[in-house]
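Let's start with one chain on its own, the form predicted alone, as structure tokens.
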Amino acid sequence: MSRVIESERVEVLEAAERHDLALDDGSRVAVVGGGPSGSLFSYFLLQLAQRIGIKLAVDIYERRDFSALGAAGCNMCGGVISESLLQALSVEGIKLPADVVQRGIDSFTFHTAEETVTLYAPYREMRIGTVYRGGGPKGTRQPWWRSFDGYLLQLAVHSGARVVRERVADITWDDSRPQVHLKDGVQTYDLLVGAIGVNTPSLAVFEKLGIGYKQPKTRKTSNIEFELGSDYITRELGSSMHAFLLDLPKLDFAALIPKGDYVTMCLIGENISSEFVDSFVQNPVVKGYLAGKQDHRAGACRCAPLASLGDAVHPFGNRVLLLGDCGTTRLNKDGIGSAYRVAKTAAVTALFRGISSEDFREGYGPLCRSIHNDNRFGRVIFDVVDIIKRNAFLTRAVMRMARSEQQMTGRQRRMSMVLWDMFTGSAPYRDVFVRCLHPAFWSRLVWNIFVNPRSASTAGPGKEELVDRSGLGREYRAGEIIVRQGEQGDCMYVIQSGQVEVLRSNNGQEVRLAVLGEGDIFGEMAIFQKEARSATVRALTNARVLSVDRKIFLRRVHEDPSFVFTILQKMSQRIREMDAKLVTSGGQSEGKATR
């Protein structure tokens, strides 16, 4: 009998502890770091809490002013927003303003020592964005743009977060709750979130909390901003990112990223010293795109930040969670995209599951393990790329294969898809690896190695003048058809700007069903079931529209079912509007009948 009573007492205590390790109305949350992972976590946590009627107090500790030029406001990153992230943000209802996106990117241009190949995005639309993480390069005169990190921080503030411009001196425990020590006092919180990157000694305070956390290993990178002028960039680089597959030791990734009047040169590898950077700048393949700048010191702004090599050890504990680069991130690519994914997953876990170590292990841990395992595939792929770069014969075959695929469509572009997804970060490394194992991939590659001896091509990117450099998606002129009734579709669309009309043809007559504007979606049924389009959508004014791939959408839904909430809201709104129209038309009919 005593054993039964003791067992029941233990169960009661465990239940009470689980209830205590949860966010309730009035709970306080501290987020140390206001970069993408910290800001997005705060934003999603507050948005989700609002939906279920819980009021939280969220303090974001961030001393930097992201509007400041140079290192003072910068998060030291290449500043590339992948197509998968842009699509996800659009579906979430987060639209990046034109003054945040420096240039929309519709292609990726690969350079080797002998030739150049340009790969275009699906639908020939701007599916990648380049941004400044801070206020921009030092010395900039009257910048017209806004910081990407600053914009995300403002999203969190508008959702109810408070920014605290004080330095966190220490973090300790008050009984079982974390305490943040400031210059003039101590604040106690129910949940502590670390989102401070790997370029700060402050990570040491998290390591001493006793949760088993150890920060990830790092390596040195290089980012340099060259001021080349918008006209030069548009003429010579176009709306394309330029990647260099050169036989240079220990270099994983090298690219020129166009942004407004500047180009960011980003180098990632094992031996990124000042001498290595200068040798890269002076390489004959590279220097033709830098307007004669052959010294890294010619850059308007430069930094050599540390980059995370993947993931930390045990990035969570009771009431403590670490996100982004100081927690778990993708190797070499799409760090901002992985910050979004872990921030959203962590917010969902904290609010709906709990804030104990076990809750984070069950809700947040699977995504961390998924990114960790995917990075293993990434390391293998980069090793293979290194082998290819050192063999001119193999490099020529890869470029020939990619170039010959440009007239093909969809899954036929096997090498092109591998290169695009690997260097943009738009798909998991595992997907890229699996595609490389397909027999058709290898048969075509072998054919290009041994049978197809075509001479190298130096065709570069299109040099068309861009009307709207910062526009994302594709622009449609008034009257232009976007989707046509009866066609098969495999994507949905989010309106970035302008208006479109939804039309249905019935017995030869065209009936307008709706007019949609900025932020609205259409074509979403193609995501859920492969059927013919039920209506035609035509641009009513000049409009810019971003497509959302079915595969990217369903992958996000699998990771986070709440991802569909915005779509369900909009579909519900449409149903209400249709009901209102039916009631109105019904009332009018009755009135006519009585008359």
Ligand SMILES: Cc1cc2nc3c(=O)[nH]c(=O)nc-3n(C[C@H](O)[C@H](O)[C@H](O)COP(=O)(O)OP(=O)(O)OC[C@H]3O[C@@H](n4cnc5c(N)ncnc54)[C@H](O)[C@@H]3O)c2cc1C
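Throughout, we count residues from 1 along the sequence that is shown. Keep in mind the model is a prediction, meaning the values are calculated, not measured.
Quick note: we don't show the form predicted in complex with the ligand, though the next part is all about it.
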*asked:* Can you work out which of V500, V80, V101, A347 has a heavy atom no more than 4.5 Å from the ligand in the model of the complex?
replied: V80
*Which listed residue (L86, A307, V398, I495) meets the criterion of a heavy atom within 4.5 Å of the ligand in the model of the complex?*
A307
*Name the stretch: of 110-118, 228-236, 160-168, 363-371, exactly one has residues whose heavy atoms fall within 4.5 Å of the ligand in the model of the complex.*
160-168
*asked:* Whether R133 contacts the ligand in the model of the complex should be assessed with a 4.5 Å heavy atom distance threshold; does it?
replied: yes
*Residue contact check: N75 to the ligand in the model of the complex, 4.5 Å heavy atom*: yes
*asked:* Test of understanding: in the model of the complex, would R533 fall inside 4.5 Å of the ligand by heavy atoms?
replied: no
*Does N271 reach the ligand in the model of the complex, with heavy atoms at most 4.5 Å apart?*
no
*What residues in 25-41 sit within 4.5 Å of the ligand in the model of the complex, counting heavy atoms only?*
V32, G33, G34, G35, P36, S37, G38
